[in-house]
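Taking the form predicted on its own, here's one chain by itself in structure tokens.
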């Protein structure tokens, strides 16, 4: 096969991805940007302006909501990593054969249904007349029904639950490639569990940690269903503000500006995370 045929084959193989990227990602983002810098001055009359961005920065409620959403998303990502890492290590290094496959399959089972169904499951458990409140009353531990929904703790639980798989899978993949003899050598040289974890396990699994954190953070930051359903109208999640501008107020220009601001914040946080960890996006994707 000559170079021209190789180039043609490569183009044909990449064309579905490039078409998807162009039609569903690049073009909509370009259109969204031009929409965000448009200001309505009269019916069907618009002019180019940064008024929508100025409105965001001059209204404390908007940027406080974005800052809160970013902080909660970072916290959810860290907690998901703390919970998922021991699970992934146990699956990758402690189990063998069929047991390993079964436990990994159990991690996948909740994701066979939609996020909406899983969130409603949490609502059934945690509502005032739900399973947990009723069980505590039956056991005599509480005198009356308790509403466990509509608070930050519940939102955090839902975010961690809905994104756990996206942290476990890359961690299992990277930990699977860790040679057991390296861990054994660490113990033979007098290393403690903590030192082996710090010097061998975590550095080796860093690509999986970074890729998992990026995916979980992006999904959490852009999540709408879980914060709104579990946190209620007072959840103060920025995607709720975007929904309000687009659907409730029909202010597509301000909603588009909010979308771009969310994209800028998420990209900046991911970039800072890569810089602080000493990783690059290309190497992280390749290794994980």
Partner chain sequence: MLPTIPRSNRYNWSYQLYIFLFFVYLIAPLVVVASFAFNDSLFPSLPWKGFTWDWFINDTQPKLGLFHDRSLMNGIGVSFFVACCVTGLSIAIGTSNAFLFERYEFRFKQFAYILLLLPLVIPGVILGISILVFSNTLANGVEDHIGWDLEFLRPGLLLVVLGQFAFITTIATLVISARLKKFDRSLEEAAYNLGASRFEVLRTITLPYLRPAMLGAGVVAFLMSFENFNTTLMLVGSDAPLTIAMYDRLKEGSTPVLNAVSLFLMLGSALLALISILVQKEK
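All values reported here derive from a predicted model rather than from experimental measurement. Numbering follows the first chain given and starts at 1. Rigid core (definition): largest C-alpha set, two forms, superposition within 1.5 Å.
There is another form of the same protein, the form predicted together with the partner chain; it is not shown, and what comes next is about it.
Colleague: Where does the partner chain sit in the predicted complex: which of 204-212, 69-77, 155-163, 140-148, heavy atoms within 4.5 Å?
Modeller: Contact criterion met by 155-163 only.
Colleague: In the predicted complex, is there a heavy atom of the partner chain that lies within 4.5 Å of any heavy atom of residue 98, even though the partner is absent here?
Modeller: Judged by the heavy-atom cut-off of 4.5 Å, residue 98 is well away from the partner chain in the predicted complex.
Colleague: Is there a heavy atom of residue 224 lying 4.5 Å or less from a heavy atom of the partner chain in the predicted complex?
Modeller: Residue 224: contacts the partner chain in the predicted complex.
Colleague: Do residue 242 and the partner chain come within 4.5 Å of each other in the predicted complex, heavy atoms counted?
Modeller: Residue 242 belongs to the contact set for the partner chain.
Colleague: Taking heavy atoms and a 4.5 Å cut-off, does residue 228 contact the partner chain in the predicted complex?
Modeller: Contact with the partner chain, yes.
Colleague: At 4.5 angstroms, heavy atoms only, are 116, 127 and 259 all close to the partner chain in the predicted complex?
Modeller: Yes, the whole trio is in contact, each within 4.5 Å by some heavy atom.
Colleague: Considering only 126-148, what residues come within 4.5 Å of the partner chain in the predicted complex, judged by heavy atoms?
Modeller: Read in sequence order, the residues that approach the partner chain (within 4.5 Å, in the predicted complex) are 127, 129, 131, 134, 135.
Colleague: Establish whether a shift of 2 Å or more occurs at the C-alpha of residue 21 between the shown form and the other one, with the two forms superposed on the rigid core.
Modeller: After core superposition, the displacement of the residue 21 C-alpha between the shown form and the other one reaches the 2 Å mark, so yes.
Colleague: With both forms fit on the core, has residue 12 moved 2 Å or more by CA between the shown form and the other one?
Modeller: Comparing the forms between the shown form and the other one, which are aligned on their rigid core, residue 12 does shift its C-alpha by 2 Å or more.
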